[in-house]
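Let's start with one chain on its own, the form predicted on its own, as C-alpha cells.
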C-alpha cells in the first residue's frame, strides 16, 4: 500500500485531523480488550457520517486494501484488529442518538453510541435499552451488534439480536443498504439477523434501529452465599426447573469475590466459596410471589445465607460488584486470560469441577465470574507474563476448557465472538461442509475478502500458533490434530 498517497486521499474524505498515521498514535489501536493479541494498522480514519464511511470503504475497495471497523475497543476476541494491516475505521465519533419514538418503543442510534448512554438518555421517561454487557459503561452498540453481545439480562430478555430491528450498513464495496426496519417482523429475508453477530466481516453498521423498553414496576435482587461451587451451580438449574425465569442469575467464586471486595466493596462475604445473584422483575405482585420460591430452591441447595436487597441503592451496589469484576482482577493478579464458552446449565457442576482440576494441573488460579442463567462461562485464568511460560500455560488451559464445553454439548463462545482468538477451534463444532457454507455467506457480502480478513475461519494449517508470542502450537498439543 502506498501509505502516504492513500492517507491524502482519505484525508480528502474525512479531513486531515481524522486520519492517523503516526506510529505512536497508531499503537492505541494495535489491540482490543484481549491484550495477548496485537496487530498494527497502517492508517486509522475517524469518520463522522455514513457518507464518510462509505467514501473510505470505496477507496479501500478500489485500491484492494484490507480494512476493519472498530468501536470502543472493548472486544475480547481480537475481532477488531487489523491483522493484515491496511485501514482501521474507528467509529467512536459516530455516537449520536438520532431518533427516539417512545410511543412505538423504538430508537435509532449511531454505532459509536456507548451502550449505557442510551439507557441514561431514556431513563427520565421511564425507558431503558435492555442488552447490558458487563462493559456497558464503555462498549459501543455497534460493537454489541458485531458480537451479538449478551449480559446479565439474557435469561429473560435475550441478547442483542433480540433488540435490533434494522440496520443501515455500508457493504464492503461502499454501497449503503438498509437491512430490516422499524417493525418486529419485516418482509423478506432476515438479513438483520444474519448481520448481527457476523463480527464485522459482512459490512459496517452506521445506524442501528433498536427496541427500547419500559422500566418494570418492581425489581428484586437476591444474593445467595454458598460454601461450595456445586451447591451454587445446582441452584441455577433448580430455579429454572421451578418454571421461574429470572432477569439474571450470575455467579462468582471466591477469587472473584476477593478481587471485587478489594476494588469495589460491594458487600460480598470474603469467606464465601461462591455467591449467586438472582434478579426478578415485572408487576409488583408477581415479583413478590417469586421471592419465596427462589429462597426455597437456595435452601434446598444448602445456601449459607440469603440477602434480599432492601432498596435500589443496595441492589445497585450488588450489581456494581458484578459489573466491575473484570476490572477488579488487577487487585489480585497482574494479568488474566478470559474465556467465553457455553455449556448447558445442568452441566455447571461438572465444568466447575473440571476447571478446578485444570487449575491444579497448570498451577494457575482461576477467578470464575459468569452468566450462570444461560450457561455462559467466563473463567479468568490468572497469570503473570513476568513468569516465563505462564501465558502459554494459560492458553493451553483455556483450550482444554473450550474443548470440554463443546464436548458437554455447549459452544465455543457465548458473546465475545470467535474473532482471531477462537478461529482455529471452529472445527471442534463444525464440519468442513458447515464451514464451507459459512464462507459462501461471507463471500456473498465480501467477494474480495477485504472486510476484516483473518477472522472466524480456521487457517489452512492445523495446530497453528495461538497467542501473542506465537511460540507454541497449542491446538495439536492440547486438542489433538484438527
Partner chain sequence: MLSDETLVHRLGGLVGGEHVVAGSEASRYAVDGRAPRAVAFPGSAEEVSAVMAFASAEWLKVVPRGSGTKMALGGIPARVDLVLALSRLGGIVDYEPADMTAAFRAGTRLQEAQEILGRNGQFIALDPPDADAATIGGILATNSSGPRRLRYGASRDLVIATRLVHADGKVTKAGAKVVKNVTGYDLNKLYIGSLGTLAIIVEATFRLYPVPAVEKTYLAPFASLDGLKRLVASILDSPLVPFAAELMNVEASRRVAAAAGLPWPEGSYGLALAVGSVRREAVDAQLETVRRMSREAGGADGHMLEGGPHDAFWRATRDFALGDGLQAVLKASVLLTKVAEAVRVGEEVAGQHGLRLGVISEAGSGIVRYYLTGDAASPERFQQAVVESVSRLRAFAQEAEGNLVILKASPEVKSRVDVWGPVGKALPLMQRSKAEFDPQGILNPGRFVGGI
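Residue numbers count along the first chain shown, from 1. Predicted model, so just to flag it, every value in this text is computed and none were measured.
Not pictured, yet referred to below: the form predicted together with the partner chain.
> Is every one of 151, 371 and 441 in contact with the partner chain in the predicted complex, taking contact as a heavy atom within 4.5 Å?
Affirmative, all three are within 4.5 Å.
> Is residue 299 a contact residue for the partner chain in the predicted complex, using a 4.5 Å heavy atom cut-off?
The answer is no: residue 299 has no heavy atom within 4.5 Å of the partner chain.
> Give a yes/no on whether residue 437 approaches the partner chain to within 4.5 Å in the predicted complex, heavy atoms considered.
Output for residue 437 is yes: heavy atoms within 4.5 Å of the partner chain.
> Please run the contact check for residue 74 against the partner chain in the predicted complex: heavy atoms, 4.5 angstroms, yes or no?
Taking the distances in the predicted complex, the answer for residue 74 is no, it never comes within 4.5 Å of the partner chain.
> Quick check on residue 183: any heavy atom within 4.5 Å of the partner chain in the predicted complex?
Yes, residue 183 sits close enough to the partner chain in the predicted complex that at least one of its heavy atoms falls within 4.5 Å.
> Work out which of 272, 219, 194, 309 lies within 4.5 Å of the partner chain in the predicted complex, going by heavy atoms.
Among 272, 219, 194, 309, a heavy atom within 4.5 Å of the partner chain in the predicted complex occurs only for 194.
> May I ask you to choose, among 349, 263, 344, 85, the residue with a heavy atom within 4.5 Å of the partner chain in the predicted complex?
Contact residue from the list: 344.
> Within 4.5 Å, heavy atoms only, one stretch in 360-368, 404-412, 324-332, 383-391 touches the partner chain in the predicted complex. Which?
Answer to the contact question: 404-412.
> Under the 4.5 Å heavy atom criterion, name the residues of 162-185 that approach the partner chain in the predicted complex, in sequence order.
In sequence order, 162, 164, 171, 176, 177, 178, 179, 182, 183, 184, 185 come within 4.5 Å of the partner.
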